[in-house]
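Before any questions on binding or motion, here is one chain by itself as structure tokens, the form predicted alone.
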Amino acid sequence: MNGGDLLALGPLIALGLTAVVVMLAAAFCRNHRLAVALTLAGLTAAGVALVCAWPLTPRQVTPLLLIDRPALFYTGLMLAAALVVTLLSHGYLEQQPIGRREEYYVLVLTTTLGAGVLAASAHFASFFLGLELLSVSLFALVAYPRTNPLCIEAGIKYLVLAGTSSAFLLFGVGLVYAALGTLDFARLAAAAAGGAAPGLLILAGVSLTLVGIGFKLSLVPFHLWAPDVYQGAPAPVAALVATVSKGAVFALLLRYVGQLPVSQHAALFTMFTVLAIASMFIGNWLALLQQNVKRLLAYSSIAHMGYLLVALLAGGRWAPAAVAVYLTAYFVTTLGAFGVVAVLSPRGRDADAPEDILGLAWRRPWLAGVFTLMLLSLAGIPLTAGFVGKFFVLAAGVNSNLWLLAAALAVNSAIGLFYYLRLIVLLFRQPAPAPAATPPLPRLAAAALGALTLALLWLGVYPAPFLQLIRMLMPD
């Protein structure tokens, strides 16, 4: 390695160093504000390092990591999400009966570091290391409130199922290596495109690898962990699972599948199609049955991953741009929705029951307005970021003549609109005579929600500058 390689790895190095600094600071001085300040400074430094690494792209740093434009874009997206989660977490943790809060931010940083490694992975070894760093940090975060039985239960479920998915993944990687003698994505693609049809061994290996990825993305039928973990996890952690975790794995999947001619192999293409349609219909159908806000958002996220698979299957020049636009809109709206739940949460629990948001427009009109915009964006209503994202995904499907997937996306968008509107009706209904008291709005959380709302409207009303950025960042 040389100086250029170290500069290209600057965002990852900055995240790793910040995690060490926050951990050492907690050892010498227990101060929640200091931990938050150091975390925000480290995330900002990682963002600056990302800008400095841009002129060096594309750059292969050892056989494990490829620092290119998509990798830097998704790393920047996850840095922004981690910054928002940190802002939301400060006020949330102050409200909760948690004695030691500083290590929480170490775990947020290591989660983001694992996500960054995934986004830049070009080899199965770095893929697995990044995935495990991400997963181990997340199940510690899910169970961080040690006195809350619901959080401990969710953490155990996530731990068991993360281990199961890793077993599938490793077995699949072993089969791919046995068939091809390589763990490098580019060499795998070259072998797959060499003219010979893939044998049973490589087909089984790729399928098992995708089963492991399906667990991480909570695609149907690997989705059963998602609602329990979302409900049991603290609201900011649920936001982290829904955005950074899934965004990193999908960025990796885009690179992994981009190296394989999926459309040329009927078995792989059929498997992805079934996963997409099942995730859309079952995710939305189960969301219709939910009363708990976090469980509803969990099933909704399953459907959104199904929508993203449509863009992935479209392939060609449309796929990278459609995935980037949709993931950005999904990050903004999901962080905003969970952020409202976090700031409304009283001591000892999350505000995820219907009565917690009943008549919110009459008690906290600004928060009700933010939550309404986030739900409308998740539904794909025009003039929101969600509409632009769904338009790009639908256009990618139509451009590639994936009419069945495009029709499924349109039908499921209409289904999703129903349960999002049901939540909005709750927000504007007259509250009970004595509504439950809600904590004051923390300044850092208010700033985060305000920024997310502005981003949602900007991307929905005037998306041209962002789309120009996407065209510049994505490969030709």
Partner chain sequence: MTILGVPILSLITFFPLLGMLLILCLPAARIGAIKWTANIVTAIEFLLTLALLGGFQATASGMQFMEQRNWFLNIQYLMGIDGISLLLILLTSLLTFIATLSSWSAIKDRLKEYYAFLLLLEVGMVGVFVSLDLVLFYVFWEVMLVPMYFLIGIWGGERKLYAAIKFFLYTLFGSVLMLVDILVLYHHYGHTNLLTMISSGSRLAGTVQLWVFAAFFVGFAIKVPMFPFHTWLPDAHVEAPTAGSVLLAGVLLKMGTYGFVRFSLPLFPEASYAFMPVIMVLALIAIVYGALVSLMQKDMKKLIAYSSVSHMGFVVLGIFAMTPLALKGAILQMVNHGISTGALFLIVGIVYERRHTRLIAEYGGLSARMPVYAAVFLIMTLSSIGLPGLNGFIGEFMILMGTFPVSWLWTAIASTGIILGAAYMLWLYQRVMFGKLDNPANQSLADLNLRELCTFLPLIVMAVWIGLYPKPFLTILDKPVENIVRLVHPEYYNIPLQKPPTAVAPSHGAAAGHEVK
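Positions refer to the first chain, counted from 1. Model, not experiment: these values are computed from the prediction.
Keep in mind that the form predicted together with the partner chain is not shown, yet the notes after this line are about it.
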Contact assignment for the partner chain in the model of the complex, among L286, I202, A319, I381, heavy atom within 4.5 Å: I381
Contact assignment for the partner chain in the model of the complex, among F269, Y177, F171, W362, heavy atom within 4.5 Å: W362
Listed range touching the partner chain, judged in the model of the complex by heavy atoms within 4.5 Å, from 84-92, 136-144, 343-351, 370-378: 370-378
Candidate spot F128, L161 and L224, all three touching the partner chain in the model of the complex (heavy atom, 4.5 Å): no
Close approach of A26 to the partner chain in the model of the complex, 4.5 Å, heavy atom: no
F428 within 4.5 Å of the partner chain in the model of the complex, heavy atoms: yes
Close approach of L454 to the partner chain in the model of the complex, 4.5 Å, heavy atom: no
is_contact(A71, the partner chain) in the model of the complex, heavy atom dist at most 4.5 Å: no
The partner chain in the model of the complex - contacting residues of 449-463, heavy atom within 4.5 Å: G460, V461, Y462, P463
